[in-house]
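Below you will find one chain, with nothing else, as structure tokens; this is the form predicted alone, and questions on how it binds or moves follow later.
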Amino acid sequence: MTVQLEDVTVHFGRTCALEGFDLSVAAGETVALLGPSGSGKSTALKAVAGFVRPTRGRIRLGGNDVTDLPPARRGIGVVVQQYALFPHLRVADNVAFGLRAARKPRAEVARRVGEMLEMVGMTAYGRRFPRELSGGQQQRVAIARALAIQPSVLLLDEPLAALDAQLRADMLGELQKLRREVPDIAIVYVTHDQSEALALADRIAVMRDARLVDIAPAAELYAAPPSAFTASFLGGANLLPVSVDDGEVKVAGTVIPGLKPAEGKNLLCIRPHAIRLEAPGAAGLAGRVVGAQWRGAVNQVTCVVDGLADVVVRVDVPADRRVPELGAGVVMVLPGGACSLVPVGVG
């Protein structure tokens, strides 16, 4: 079933939580809504679920206008950050809740609950209460409950945000497995974590200040972001001012080989991991080191470029390589194939 939001706007009093939002999600597709807090991503999801009513615009499921339908009549599965399990019900009863509310036959309820608990690896926990489960286990139960009613649309609102790093990694694997096991379901996944969006989404919709900034396939958006905001938010790219001279793109007077000019695009975008640090005298951007942070697998070295004192460049140096001392002169090598151009100020 397709999900369509058409010019959806949501106001809470004088506050605009979502403005002119358009999105279409196909059956079998996962679209991540990615953005900082207050960007409108959760409001968009709640509008699809029926938890908030748009001030303007329409919402369609499978082509049918559901803007005025209550949540229970939309047939959507919803998983939220805090699980929202019923504390007084055992795991199996939590999973069965939607089926019983729909007055499904007892045998069908039992069969469906068993299937869902098996799918999320919780078969042995059916008799436990939520308080007897870990955070990751509670999230699995919440997903099983959402899928038990066999929804054609699944909404996930920051489902991993409350988990620690290891549980989050484990659940990310579970969600990837879930996508393979229910390939026809349309999934809208709200997150502020770019790694989750890149791992799960077919397309990513980047949001900011209640508006949609960019939307594209995940790999495309990462490799060639169309705006400065998306470039910096998705992957923490460096953005460097460029000039064009005789058809060549230059940063601080240094030619970036293999990069062709693009009309109206005068910021160079390159990820920290793509830059290589060399000793002075090599071909590249001359500068000096002004900071370094150890981050386990890498050291993130902060540099400034000669002639661009106000521009900071972040470089990820593998932990097994020597990190230049603070104040040391370096050359930053920017491979043209790892660079793209984005416009100033867009997004």
Ligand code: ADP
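Residue numbers here begin at 1 and follow the sequence given. What you are looking at is a predicted structure, and each value in this text was computed from that prediction instead of being measured.
One more form of this protein should be noted, the form predicted in complex with the ligand, which is absent from this view; the next part is about it.
> Does G307 reach the ligand in the predicted bound form, with heavy atoms at most 4.5 Å apart?
Outside the cut-off, so no.
> In the predicted bound form, is there a heavy atom of the ligand that lies within 4.5 Å of any heavy atom of G38, even though the partner is absent here?
Looking in the predicted bound form, residue contacts with the ligand include G38, since a heavy atom lies within 4.5 Å.
> Give a yes/no on whether T30 approaches the ligand to within 4.5 Å in the predicted bound form, heavy atoms considered.
Contact check for T30: no, nothing within 4.5 Å of the ligand in the predicted bound form.
> Is A17 close to the ligand in the predicted bound form, meaning a heavy atom pair under 4.5 Å apart or at it?
Yes, A17 lies within 4.5 Å of the ligand in the predicted bound form.
> Thinking of the ligand in the predicted bound form, which stretch from 321-329, 334-342, 8-16, 21-29 has heavy atoms inside 4.5 Å of it?
Heavy atoms within 4.5 Å of the ligand in the predicted bound form occur in 8-16.
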